[in-house]
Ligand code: UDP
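Quick setup: one chain, the form predicted on its own, written in structure tokens, and binding and motion questions come after.
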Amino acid sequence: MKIVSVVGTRPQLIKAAALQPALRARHDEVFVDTGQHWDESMAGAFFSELGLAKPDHALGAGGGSHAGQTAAMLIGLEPILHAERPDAVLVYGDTNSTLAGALAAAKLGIPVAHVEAGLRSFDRRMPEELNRVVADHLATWSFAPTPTAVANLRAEGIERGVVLVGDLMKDLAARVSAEVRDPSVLEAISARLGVALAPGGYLFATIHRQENREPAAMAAWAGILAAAAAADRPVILALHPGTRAAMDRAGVSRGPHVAVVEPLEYRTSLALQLHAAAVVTDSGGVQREAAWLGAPCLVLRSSTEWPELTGTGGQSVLVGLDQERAMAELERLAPRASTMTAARRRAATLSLVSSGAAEAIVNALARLPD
């Protein structure tokens, strides 16, 4: 088959890196980058680090409002699809790139394959929720990562073309995890970031979602990070450029022991999660990576599309923007007296196994669903 794959953000590049070798071994892929994460710090370095092929088409549609960005992608994708005449268009996840790819294909009568189908936070205020619902209802193939995702699709009347495949992001994490297990990886990262890092001696944080860029929300989560940080246990905050700009406009303080750094390479991010005392995030991808690595994780959201990760008594917990709850859960999950020992044990015993998602997806694409 000839397949046009549409990506645009860092998480989508991670998934594409896991799928692309198997996809190209069986099918003819045309690779399109919408440019949703358009600068070098957000996405550029990922192509070389993850061994991704150079895009066949680059739309440069980053920035702007949701409507403007999606419109630019639709306008850019339509002539590509007319020219390439693919048998299917493959989209990943829940971004504006996902929505644009699915819409452009469906309007031209081209079958859509949706990777990470069926995820639901059940919060329609989230742009990501709207994108994934629309993509799922347009898809010919719905590649679900979990049984819960399959059940969500069934509840919406979607059964044809649904395949439980596993998680591509876990496949890539399993592929490279051996490279970040040794605590010595922190030495080079420390030198580069200018922050002394030791196993269990810091927290790793990422914040990027739209709802967490409102002034009140930024003040709340910045307060959580400031309260969690200390001179002997700093917070390393890998900050999306848009979030950084919003904080600067609102005059939100980051706290004296919160080290703000640019978005990080894939392996660096995995290493910092694995060896941290705990992870603090609003990212769906980082939630999963932390869970696979066994790192305690505070999720700065009130709902998640990955409910399997936040069950009672687990290592990952939804805390919203409640500082008191966040501090209580941090003490429960990562008591200061034991974080160094826990981090070293976690790294020494890490053993990730691929979910087999890439092969399952490639095999399913070989024919249209019955």
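Please read all numbers here as calculations on a predicted model, not as lab measurements. Note that residue numbering begins at 1 and tracks the sequence as displayed.
We do not show the form predicted in complex with ligand UDP, though everything after this point is about it.
For V286, a non-hydrogen atom is located within 4.5 Å of ligand UDP in the predicted bound form, even though that partner is not displayed. Ligand UDP in the predicted bound form comes within 4.5 Å of no heavy atom belonging to S177.
Taking the partner from elsewhere, S121 is found to have every heavy atom lying beyond 4.5 Å of ligand UDP in the predicted bound form.
In the predicted bound form, S269 approaches ligand UDP with a heavy atom inside 4.5 Å. Checked against ligand UDP in the predicted bound form, the residues R209, R233, R254, R181 give one hit for a heavy atom within 4.5 Å, which is R209.
Though ligand UDP is absent from this view, in the predicted bound form it lies within 4.5 Å of a heavy atom of just one residue from A291, V150, A220, A238, which is A238.
Between 105-113, 200-208, 82-90, 137-145, the stretch whose residues reach within 4.5 angstroms of ligand UDP in the predicted bound form through a non-hydrogen atom is 200-208. The partner is not shown here, but in the predicted bound form the stretch 1-35 reaches within 4.5 angstroms of ligand UDP through a heavy atom at R10, P11, I14.
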